[in-house]
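One chain comes next, on its own, written out as structure tokens in the form predicted alone.
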């Protein structure tokens, strides 16, 4: 009903609408009934008046012809006083054709107002007219008095208008009283019906409002619900049990225990208590809905308690980070202990403040909508509140947290492990330097010999008392300076290589650490008859650390050297070491190939395991390739080996190009 105000209640709409219809129908019935009854009553009375007049006219014709006026007077009085006519009939009089009054029922002088009234038209059986006389009204009915074909006069019967109005009034009062009684009965029926419909709906509305406010106990009292079903429901008592109806965990062919079947058959969701009309059934369904909400609310609360327990008791720092802003929404107590911040200090703080150097860490993951749901970021550098760095492995997983897109960040503190790795790598480098000491000494011996020869020449010239020619002096001093620079470069490279490196990422041209290896070990390889072939193309930079990459290539080159110079490898076999670098499809590839004796299939599957070695006792600890594998994996790279006995070996290293600088190319 669009014409009604929106806040009009359903009860008022039902009651008002129904009563409006009842009143309208009652009014129409009253009007029609009144018109029918009043018209019929007036017609009936008029017909009675006509009948009275015609009866008098039939008997009065003889008296008129005989001019017997006493009998005429007696006739009209008898007719007027017969039965109830004395109330209905006001007067009766007979007149001749000339209008003279022959007889009448008046006991007083004949009213002058009645003379000549209601004349009879010709060929009419009667005439009816409303007349006024002596301050009253009457319905005058004129009936002709005929004798054969002649008309002798007329009989006038005056019906009392006040009596007729009294009869109509009584009829109207009786009928209106009946309509009023019917309306009152309909009022009570409609009021009771509207209350019966609106009261349960009002309770349902109040119960729904209570549920919206978070209360599930109030609706139970409002709807008069019983929790008997809850007490008998095993799934409600033990939330580890599935509820077949809601959880729908039951498979088609899954066997059902007797106890579960009995419980399900008695479940109120499968078989309602029934009875009542549609509103009662709606209330029952609503109560079932409340039960299911309570069930799942309890399970949700238990699930949240489990989550909170896992969240707080997790031995690793865990953060809930808003994906859109990178702000920390929640943090567990371990995060406070590891990072040194209080919980209130962490909430609202940007996660980027904890990992300022992690260019491709969680911050990039938050910004990348196409990233997978779960990712692992190994060895990220975070900072504590006091500025001290720590290294963590970060697991990130996207979730929905309080209607917001968020990411669960779990950080495992691996600072101690990273330090041990660094110490192990440093020890490996020191071991490498020790093994290469002879070659290094030879590398340094060359510039020293050249400097010695130059100084001896100058000494000899000084002892002879002569002066060297300007050309010779320039050549000697230039050569001495060049050899000093060469020795200084070797010593400087040794110092850089031997320095303990931090696991901090930087942009590295992978050709540089490859060349650095041969700065130290190149001459030794030449002395051992190993041909070195370098095909280093211009490649894009990668995110790594040059010092550690140099350790990687040191290990690979030393292993290749040992494979080509070992006792099991024939001396006549060509000794060639080939290193190739190239870029392709966002990757940087480096292959280190040798012409050694190759690696057997059984050993090839274990060469990256720590402490596994194929060398003789005392010549290796089996950590070189394990360290190489760990360093390559730390930088997001892959390492593979192809080898076969007597066919040499090829180590293939693949690194991703640094994302923010890869597009610029080498």
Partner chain sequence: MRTILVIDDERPTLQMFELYLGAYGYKTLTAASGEEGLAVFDAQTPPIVLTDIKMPGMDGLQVLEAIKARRPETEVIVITGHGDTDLALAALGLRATDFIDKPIRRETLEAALGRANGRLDMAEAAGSGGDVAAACEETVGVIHIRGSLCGESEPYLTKAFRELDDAVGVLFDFTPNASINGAGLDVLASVAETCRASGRPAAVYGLAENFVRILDRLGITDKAPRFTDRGEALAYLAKTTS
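Just so you know, these numbers come straight off a predicted model, no measurement behind them. Numbering follows the first chain given and starts at 1.
Separately, the form predicted in complex with the partner chain exists; it is not shown, and the next lines address it.
- Shown without its partner, this chain lists 488, 526, 196, 424 as candidates; in the model of the complex, only 526 has a non-hydrogen atom within 4.5 angstroms of the partner chain.
- Proximity to the partner chain in the model of the complex, taken as a non-hydrogen atom within 4.5 angstroms, holds for one residue of 329, 505, 476, 114, which is 476.
- Of the heavy atoms in residue 375, none are within 4.5 Å of the partner chain in the model of the complex.
- When the partner chain is considered in the model of the complex, residue 200 lies well away from it, no heavy atom lying within 4.5 Å.
- Taking non-hydrogen atoms only, residue 454 approaches the partner chain to within 4.5 angstroms in the model of the complex.
- The partner chain in the model of the complex comes within 4.5 Å of a heavy atom belonging to residue 483.
- Comparing 148 to 156, 526 to 534, 331 to 339, 295 to 303 against the partner chain in the model of the complex, the single stretch with non-hydrogen atoms within 4.5 angstroms of it is 526 to 534.
- For the stretch 459 to 481, the set of residues having any non-hydrogen atom within 4.5 angstroms of the partner chain in the model of the complex comprises 459, 460, 463, 472, 475, 476, 479, in sequence order.
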